[in-house]
Structure formats: structure tokens, C-alpha cells
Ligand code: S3P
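One chain is shown next in C-alpha cells, namely the form predicted alone.
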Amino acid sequence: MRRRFEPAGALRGRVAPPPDKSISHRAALLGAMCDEPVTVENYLYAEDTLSTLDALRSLGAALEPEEDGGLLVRGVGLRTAAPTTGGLLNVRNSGTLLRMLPGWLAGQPGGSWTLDGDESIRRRPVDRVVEPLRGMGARLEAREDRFPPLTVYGAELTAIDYELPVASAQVKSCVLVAALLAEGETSVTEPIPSRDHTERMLRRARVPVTREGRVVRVSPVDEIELERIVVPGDPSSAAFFAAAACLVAGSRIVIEGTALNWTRTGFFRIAARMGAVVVGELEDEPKPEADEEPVGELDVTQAPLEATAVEPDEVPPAIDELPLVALLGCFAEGQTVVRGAGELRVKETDRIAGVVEGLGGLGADIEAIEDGFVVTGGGGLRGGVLDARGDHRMAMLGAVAGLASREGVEVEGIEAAAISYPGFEDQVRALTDA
């Protein structure tokens, strides 16, 4: 489906972003591991998170959507995931599910499951979860030992001290979930802090979780207990409208009820450094022992932008929003550089290649480097056609680019936005019509 987004006048209004995708996945997954029912308020009902619900039903959990947007999870307990018919779990396009779920399944002795999905998911590497889970005693098989389909054979697990070669919240979470079922204390060392939603939720479930510097430690438990989880607004989704407000002259928008966790708000810190006016109670540093998600408002106002350099230690808290940094760079004076973002090459698409080709086709002066990109700004964007490549972030990037361009942008594959942001186009219209 192709949709055209015309240049916009000043964007004004309030935006309530959809529920956070990362936290929704984790709430359903950990809820399914509980013996007692768990109420999840403000669950994200989007393509990715519905894949998680379907997979958990196959494992024996009962998941009941509620009229107010909530979800009631009746789990199967930590150690009793049910084998599926034929052993197949369809993750469709969900990379989070593909990488987190094996951590639970690996600790179910006697069971075996095969995780597979669509064409895009079959290009996403799983070797980074295979390695630590094998080290804990599980047996796993993958195509070329690297790609889905991924078959997990449950086993008695033992603790491991694992050092992540690349900062990844999904891989870290996989190992931490497996640690709940392993004998002994497991540690995971991160090169750079990544999003910490799993650790916060595990603490709320009374799991012994500690952090010292870059090292997270988890001890096994007999059961986990969660009664109620409230999912805040998604800062990754909110960032697209914040970027539009940064670029379109005279704009000011207020983002309501969004998560302000330090590990998720890197984009807003980068935008503020570039000159955008971003007002809100952002966490000013990681909170290693926190168990709640901070929530609040952000007030974003357009202002002249200056180029910046995004270094590797800034990448994990902004990983999903780095395409927007490239977009801001098109309008900023000077040269914007992003380094250390090789993880973008193994997202739903190769996002480095997609961003460079997509924005380059709209008139940007942008080039790829091995682990990022370089944008020479000041000229803005002409406009044209951007192919989303089936990637929800690229679809929304194209829409925001159209609002800020001189001639408008046609987005090929705009329907991909529904993977994480149902109603995205309606929200665009609401802000541009205000």
C-alpha cells in the first residue's frame, strides 16, 4: 500500500503514544510463567505482540483480552510450558519473541519446539542466543547454525557467566529468563547498558536480580509472582512525532504518558543536544536497582538544529530511533555521524542500507559506513518515494520525512507501521489538521 505525506504546517497538539512494545512482550511472557493470574493494563495489540499471545497459547497459557485494552494472563507456571502440536511456534515478524522465548523453553526438560516465522524473520540471526543457551546445557539447532527455523530441546540448565559480545536487550533477556531455571547464579556482562525492562519486571516478581556496573546477576527461583503490570506509552513510537516537531517550523507537541526510562530515551537526549527544545523528567542516568518504569510527559518544540556525533556508548538507548537521527541530520547544520550501530544491519531489514537508500532517494546527502552513517545537512529534503521494505520503523520514517520535506513523500508499504503503531496515520492526520 502506498500513501503520500505532504509537507506540513506547524504541528500542534498532544500525542498519547501506543503502549510500549518491548514491555508488552515481556509482560505477556513473564505472565505466562506465573502460577496465578496476571493483569496487564494497556497492552499493545499490534502485529508483533499478537504473535507473542499466539505462541503463549500454544504453550498452554490462557490469554484473555479485556474491553479496556487490558489483558488477563492465566499462566502455566515457570516449569511447565506445554509442547505444541507438531512442535511449531510461529513468531511471524517478532524478533523479540524469537530471541526471548528460547530462554524459557531451554529449561523445560523433555520438550522440543521449533520457532519459525516470515521471510524477514528468517534473515535475522539467532546464533547469539544459541551460544549462551548451549553453554547452559540446552541443545539447539538452527539453519546454517545461525538463522531460523530454530529448534530448542529443553534440558536441565546450569548457571553461566556470559559476556555479551554486542549490547542486546533481547539476548540479555533470553539468558536472564533461562537463569530462572538454571542451577546456580548466572551473570551477564554487557559492553554498554541496554534497555532494562526485563530486570525491572523480574525484581517486581521477587526474583533475586542485582547489578554491579556492567554485570547483571540472577539466581534461580521455584516460581515467579506478578499481580498487575501497567504498560506505559512507547517512547520509540513517540519519537517519530517528536522528530516531526523538531523539524517542522513553528511546531510544538506534548507527548503524554510515555516511558521515560533512561535506557529508552537516548533519542530525546540526542535531539536536545542538536538544539531541539525537549522538556520533561527524563531519567538522567541508568537506575540499576529500579523495579518500576518511570512515566511522564515530554514537551517538544522546533528549533534550529546543529549536527552531532553519536558514539557507540549512546547507541543502545537509541537503537530503534537512529533512523530519526539521520533524518534530523538532513536539516542540521554540519555533519552528523552515527558510529557503533552495526546492530541496525540485523533488524527487520538492514536499516543502515535502508536509511541511506531511502533518505538518499529523497535528496539527502548521506552515506553508509560499516557500523552507521554520515549525513551532511543543511539542505533538508526534496521529497520523492521511500520503500519501507516491510519495516515499521522505515514506514514511519518516510511519513515524518514527508511532513518535513519540500515536495512530499510517498511511502511504499505504509501498512508496516501497524506492526508497532496501530493508528499511526490517524495520529498524523490529527496533528496536521490541528
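We number the residues from 1 along the sequence you see. Predicted model, so just to flag it, every value in this text is computed and none were measured.
In what follows, reference is made to the form predicted in complex with this ligand, a form of this protein that is not presented.
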query: Exercise: V177 in contact with this ligand in the model of the complex, heavy atom 4.5 Å; finding: no
query: Exercise: E343 in contact with this ligand in the model of the complex, heavy atom 4.5 Å; finding: yes
query: Contact flag, D320 vs this ligand in the model of the complex, heavy atom cut 4.5 Å; finding: yes
query: Partner contact for T186 in the model of the complex: this ligand, 4.5 angstroms, heavy atom; finding: no
query: Heavy atom contact within 4.5 Å of this ligand in the model of the complex, the stretch among 95 to 103, 112 to 120, 306 to 314, 292 to 300; finding: 95 to 103
query: Answer option from R339, K347, R200, R217, heavy atom within 4.5 Å of this ligand in the model of the complex; finding: K347
query: Proximity to this ligand in the model of the complex, single hit among N90, Q170, T151, T263 (heavy atom within 4.5 Å); finding: Q170
query: Any residue of 366 to 403 that, in the model of the complex, places a heavy atom within 4.5 Å of this ligand; finding: R393
